[in-house]
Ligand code: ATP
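Shown here is one chain on its own, the form predicted on its own, set out as structure tokens.
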């Protein structure tokens, strides 16, 4: 376990996980705004192999990884990380952040979450251990609210960016993000229906996504 105490300031490393089935502009904008607001040195995009809280992804893990790599290829601050794909079993976030901590001991870690994910945090596997290893950056949007146990957690743990750099883990910051009402579910539905997803996903993914999601064997 990592104790959450004051240290010499360290660079911040962002972590953005998900099925990325498929990755879309909402994911990319979230990572970019968090990177800029918090001064993150890099953001790791980590596709889940076997997500515990949702149906299994439509596309194979390695295909989703390739799409992530293509989507972020032009951004030097974004890195595709396949550690969940290399690990057997369910993709639990606590295992992932412990692994990243071992790989990046000179950084403080910041797990980037959307509001819906944060509101459901207390349902995660060993969720109460997460803040021993990372800070949380919660993306808010106008009109959205933090509810229930998550609201109390935010109240108890809220810090500022300077404290995040000086504290090893355990803090939460809320970041108001540009609202892009894009979901992977909606993108998949459009692809399956033969509709355009231009301006919802990176331009260089348009043809690969049509090929992957229109394959009747995968549907």
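Treat the numbers as computed from the prediction; the structure is a model and nothing was measured. Residue numbers count along the first chain shown, from 1.
There is another form of the same protein, the form predicted in complex with ligand ATP; it is not shown, and what comes next is about it.
Screening 169, 177, 65, 191 for any heavy atom within 4.5 Å of ligand ATP in the predicted complex leaves a single hit, 177.
For the options 107, 125, 141, 87, the one in contact with ligand ATP in the predicted complex, meaning a heavy atom within 4.5 Å, is 141. Contact annotation for residue 184: at least one heavy atom lies within 4.5 Å of ligand ATP in the predicted complex.
Proximity of residue 30 to ligand ATP in the predicted complex: non-hydrogen atoms within 4.5 Å are present. The closest heavy atom approach of residue 114 to ligand ATP in the predicted complex falls within 4.5 Å. At the 4.5 Å threshold, heavy atoms of residue 201 stay clear of ligand ATP in the predicted complex, well away from it.
Contact annotation: ligand ATP lies within 4.5 Å of heavy atoms from the stretch 116 to 124 in the predicted complex, the single such stretch among 116 to 124, 75 to 83, 96 to 104, 145 to 153. Contacts between stretch 16 to 32 and ligand ATP, counted in the predicted complex as any heavy atom lying within 4.5 Å, involve 16, 17, 18, 19, 20, 24, 26, 27, 30, listed in sequence order.
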